[in-house]
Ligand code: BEZ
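Here we start with a single chain on its own, the form predicted on its own, put down as C-alpha cells.
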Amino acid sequence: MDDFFEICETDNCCDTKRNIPLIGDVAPEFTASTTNGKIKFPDDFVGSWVVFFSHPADFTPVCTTEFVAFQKNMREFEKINTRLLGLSIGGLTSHLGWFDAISKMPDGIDITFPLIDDLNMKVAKLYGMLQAGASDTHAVRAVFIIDPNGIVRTVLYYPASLGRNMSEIWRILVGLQTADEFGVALPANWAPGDNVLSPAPTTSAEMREKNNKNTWFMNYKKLDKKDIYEKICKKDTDKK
C-alpha cells in the first residue's frame, strides 16, 4: 500500500503525491470495515466484476439519490456478474444512520451493498478519491470498474454536483464483457444489439480481402443482444 504514496522533494510541491490506479493496473489491496462486515479487497471479490464507487459525504442529497439508484439497479448488475462496493468518508455509525434515513424516505429502500468505513481517508487516498481542487476531506464521485481478476478496467470521475448515470455504468460493464468474450471493439454510442467492430487487417492480403464497400479498417459485424447476454450472464448462472 505504501508504494502508492511518494514523498515530493521540491519546495513548491504538495507534501505527498498520490498515484491514482489507472486502467490495466492491479487494483490496490486494502482491508476495511463496512456496513456488511470486514472485507479484504480485491480478494473477497475475485471472480466477479466490481463497481467500486465513492461519495463526498453521508446525508447529502445527490449521494442519497445515487444510493437509491444503485440499490434499485443492483439485481441488473448481479445478472452480469457484478457486485457493488461504496465508499464515503465517514464512520459506520454515520453510514448506518444514513441507511436508516434512506429506508424511511417516501421512495426509500434498504441499502444492502457494503459501504466502507473510511473515516481516516486511507482507502480514499489509496484510490486517488481525494482531489485537492475539489476538497481535502470529501471524496469526489469516483468509479472504478474492476474485472474478475482484480484489474482496473475503467476509471470515471464526477464532480460533487453531478450524479452518476446508472445506464452508462451498466453499458460500460456489458461493453467490457462483450469485448472480452467476443474479441471485438465497440463503436461510439454502442448498445447491446448494435453492430460491433472486428479487428482491423494487419496484412495487405487481409486488407484487400476486406476492401469492399466499407473503409478497409472499418469492419462492422452483427452481434445479437441475445448472444451477448447468453455469454456474459452464463458465468453468473454457473456460480449459483
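This structure is a prediction, so every number in the text was calculated from the model and none was measured. Sequential numbering from 1, following the sequence displayed.
Another form, the form predicted in complex with the ligand, is not on view; read the next lines as being about it.
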_Listed residue that, although the ligand is not shown, lies within 4.5 Å of it in the model of the complex (heavy atoms), from 62, 69, 176, 200_ = 62
_So the ligand isn't shown here. In the model of the complex, which residue out of 160, 143, 96, 166 has a non-hydrogen atom within 4.5 Å of it?_
160
*How about residue 42: is it within 4.5 Å of the ligand in the model of the complex, going by heavy atoms?*
no
*Would residue 28 sit within 4.5 Å of the ligand in the model of the complex, counting heavy atoms only?*
no
*From the candidate stretches 54 to 62, 168 to 176, 182 to 190, 30 to 38, select the single one in contact with the ligand in the model of the complex, where contact means a heavy atom within 4.5 Å.*
54 to 62
*Contacts with the ligand in the model of the complex - residues in 25 to 44 whose heavy atoms fall within 4.5 Å*: none
